[in-house]
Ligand code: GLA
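Okay, so here's just one chain, in structure tokens, the form predicted alone.
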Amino acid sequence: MRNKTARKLPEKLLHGADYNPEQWLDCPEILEEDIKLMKKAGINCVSLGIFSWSQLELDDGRYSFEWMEDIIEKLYQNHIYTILATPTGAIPPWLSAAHEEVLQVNEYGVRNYAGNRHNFCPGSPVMRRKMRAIDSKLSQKFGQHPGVIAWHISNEYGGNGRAADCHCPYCQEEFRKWLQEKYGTLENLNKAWWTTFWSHSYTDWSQIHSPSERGENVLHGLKLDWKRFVSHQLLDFAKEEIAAVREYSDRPVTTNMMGFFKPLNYFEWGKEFDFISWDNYPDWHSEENEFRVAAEAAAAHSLMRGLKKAPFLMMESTPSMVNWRPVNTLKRPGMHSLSSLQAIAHGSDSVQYFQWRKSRGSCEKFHGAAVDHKNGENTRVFGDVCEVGKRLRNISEYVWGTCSHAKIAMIFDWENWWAVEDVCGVEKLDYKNLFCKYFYPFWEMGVNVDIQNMEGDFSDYQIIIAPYNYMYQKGYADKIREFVKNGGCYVTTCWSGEADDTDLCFLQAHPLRDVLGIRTEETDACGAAWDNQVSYCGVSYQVTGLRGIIHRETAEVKAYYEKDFYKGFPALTRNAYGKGCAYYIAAETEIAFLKKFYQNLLEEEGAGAGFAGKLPEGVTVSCRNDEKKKLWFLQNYNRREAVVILYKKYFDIELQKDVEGTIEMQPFSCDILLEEPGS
């Protein structure tokens, strides 16, 4: 029974947690208490069975589903939904003991021992056969249960703390097949990888091996294609899991992604799932203020929303702390509610935790959870969870059905990430953190941003920001040229448009030379020893990283370098092209420069936040809306009170009253204001 159209999720905000009752099957009093406490906390959904393979298949072919059936039924009777997981996130010891080939082989050719998570080879025929068997049986048994609302496919694919790839003979052969399908001939592959350099031309497909320090590890084309293959092969495994559960079930499928997770190209992954979900663990209270951490969390939420331009689920978070950082700080009072509502503000339709009850033993026994080892409901954290449950119930009817609609897209491309950080060139770039630096001013100003890759649909946007877009996918330059010609505004930076999609450098000119109106020449990575500034709008701003040396052709110069041999050279240009325009930021600068530039850009393009009010430092706003209303989520990330000045009347949906003039916000708090048409 493979249904083409999956059912939809319930039309309400979900509040839930990973639930691992198999740890407590010999303690029925704990399972009974769980239901009681879930109802008290407003829990209406759990993720079940994520790490349950050993309890579901006791040994090869001997299944035991009775305990899970009992749990699902009890949850359903108490109005708690189940998102049912496939259990491949951690394989049982009996499987690897009987079939060693299911374990990964590292780049040095050594097979891993059993243990940890996601330690399986995705190319192993045995692993795929066992996966299909248990997934299909779970689907047959529970796929039509009224309490099961969705499938949670595996858990954090690739997130095993080691590597996402396997270098065994199966995977080597699959890699060669993948390359043959992509390039057709060795001649094409050798040209794409530029193997004549260092005399590394291949004369037989069998000569190709995955990158390794034991062998070939500097050939950029090989390394880039291996990363593509690793993401592709694991996704192919996930697609088999999806097919297995869809055999008997019409419930929607998802998998819990991990935000900016480098090994897997989530834009490709997102196409295969009915909705997006992800696990959110910001490092709150790790700095003197929360602003940078909050901005990076907002960027990750925007990325997840951008995969389908639709609401998503926050599948995991912690109500208190994690246990895997060098320093694991408790969430201060107010932060759990604020961080949960930040997710809702950026498009999540859920707040869920890892996990419901703390494990008694093993590596995550001190990871935060809704229920502690002792004291039952009499804990600060459980009170915070109850508060979030209450708030979600109160706002659900307003929030459900809305989404965040942005006029601005930022380009974050996984393949560009893999390529730009592998370059033996100017310096080792931290692409994700540099990207977030360009995101930060928009977050501070309360401007919604969608995050897209180079293959995205740009027709909905006024402005596209593409920082450090080193590698251009085939057709990308033409798409941007058309976007600007039709009235769009394009902003890019130094170290962009350097190479094609096989990491071969462009010859003659920048692919968007006509659109940008400049000629690029050199890139300087001299470091702090050579101080420099950029002069923009009468103010000097510090240069903090790469400095591109460019020449104006048709562009207008907006900012100049102040020092060094390129003093007076353009540092920011604007070029009119067709009905639109394109900017080129030649240097990496302090954030203050970006803030000023963005303020001018938004004013010029008429693409501001739209919130009628003045926000103090550390307070931002995010919008969700539909055709009839806008919801503004005011968020105070300060460790002190803050005052927001309103320029119009709004309606506080939780206080159920109009607000105007000023709002005094408590530290780590969120107010949700309704704006109706014509208000």
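Computed from a predicted structure; not experimentally measured. Numbers for residues come from their place in the sequence shown, where the first is 1.
Omitted from view is the form predicted in complex with alpha-D-galactopyranose, to which the following refers.
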Heavy atom to heavy atom, is His367 within 4.5 Å of alpha-D-galactopyranose in the predicted bound form?
-> yes
Hey, in the predicted bound form, does Asn256 get a heavy atom within 4.5 angstroms of alpha-D-galactopyranose?
-> yes
Please check if Ser249 has a heavy atom lying within 4.5 Å of any heavy atom of alpha-D-galactopyranose in the predicted bound form.
-> no
Trp198 near alpha-D-galactopyranose in the predicted bound form, any heavy atom under 4.5 Å?
-> no
Tell me, please, which stretch of 570 to 578, 151 to 159, 201 to 209, 394 to 402 lies within 4.5 angstroms of alpha-D-galactopyranose in the predicted bound form when heavy atoms are compared?
-> 151 to 159
Check Glu296, Arg639 and Phe668: does every one of them have a heavy atom within 4.5 Å of alpha-D-galactopyranose in the predicted bound form?
-> no
Candidate from Trp495, Phe412, Phe442, Phe354 lying within 4.5 Å of alpha-D-galactopyranose in the predicted bound form - any heavy atom | Phe354
Just one of Phe565, Tyr108, Trp324, Tyr113 has a heavy atom within 4.5 angstroms of alpha-D-galactopyranose in the predicted bound form, so which one?
-> Trp324
Looking at alpha-D-galactopyranose in the predicted bound form, which residues in 255 to 286 have at least one heavy atom within 4.5 Å of it?
-> Asn256, Asp279, Tyr281
